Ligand SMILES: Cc1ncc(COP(=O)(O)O)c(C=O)c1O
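Take a look at this one chain, the form predicted on its own, written out in structure tokens.
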């Protein structure tokens, strides 16, 4: 007589057939038609002016219109944008930043000779926790750098109130968030500046590049000069800048990507709902909370895996899915306070960050993934959980 475990279809990691015959891409950018991009770029190319020219200006203007921002400044990357903004704001001393973020957020702080103070995240939204931010504020604090994690809008109101109360600058790393909304308002209108990424993993793609959105005209002017070494054309720099220019081809690519953003956000939200609907109720699996009235871009879709309930750890699940030819990522593990460059700044317990980062698993999400692929990924996770749970049950029964 077959045991219950033998009656369950074995996942590939335990000898069964893989869910997919071949591995597919974890991320695949949806790009506008190349001939349309080249048509805009050709004038710049023919004129021999291929950086910081007409395409860049148009891209800045149209991006500002989309975001409802007073100014947008195109730069070479989100990281360079963050670095220049901090320099232009003349920050000093300490800057509070979440430990649960991509390390580039903190790199920009350290490049400015500032001290990062690592804050905990909220256990449900996975964004920086305003209560812990307030606990970390000292006489040396000059700014808060918050992140819209995966495009999930941070608690803008609470952070803005803290910044006003303590006379701090507030900067948002909005790398994931072009297309996100906070209570109906586009991300890009908050804080002293919000800085976006335009790299191929984002929803608005320019190949490489970034955008600084701000309502502060003096800040916009400073960043615009600083991306060109601080030179206004007089060969007498007013600011200590660097080469952080945005190329005309990148701007042309971004221009033609702008009309695609809303449909990308809509499709990613559809996929996210499929994942949530399909995995809700599975032991040990929970999801990032998006507050009511907010819209996330779902630049990434991640689940939290409690191994004690699921039946295997996050890492074991990732390996089992890879055997099914399903690639996953651990965005963002390890968190900053466990990384070589930032361990020295680990001053206080960050329990929520450890809880999230140690168990987070990012699943494939992009616009061209068909529903059938999403359904198969969901089925694979369920099959793995069912198999390991029953294997554990039978092992315990025998003992």
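Residue numbers count along the first chain shown, from 1. Quick caveat, the model's predicted, so the values are computed rather than measured.
The following text describes the form predicted together with the named molecule, which does not appear among the structures shown.
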Can all three of 199, 202 and 209 be found with a heavy atom no more than 4.5 Å from the named molecule in the model of the complex? yes
88, 321, 147, 159 - the one with a heavy atom within 4.5 Å of the named molecule in the model of the complex: 147
Would you mind picking the one in 102, 287, 239, 249 that has a heavy atom within 4.5 Å of the named molecule in the model of the complex? 102
Given the stretches 229-237, 214-222, 169-177, 270-278, which is the single one in contact with the named molecule in the model of the complex, using a heavy atom cutoff of 4.5 Å? 169-177
Report yes if any heavy atom of residue 152 sits within 4.5 Å of a heavy atom of the named molecule in the model of the complex; otherwise report no. no
Would residue 41 count as a contact of the named molecule in the model of the complex, using a 4.5 angstroms cut-off between non-hydrogen atoms? no
Interface membership of residue 127, the named molecule in the model of the complex, 4.5 Å heavy atom rule: no
Any of the heavy atoms of residue 77 lying within 4.5 Å of the named molecule in the model of the complex? yes
Contacts from 304-333 to the named molecule in the model of the complex (any heavy atom within 4.5 Å), listed N to C, are 332
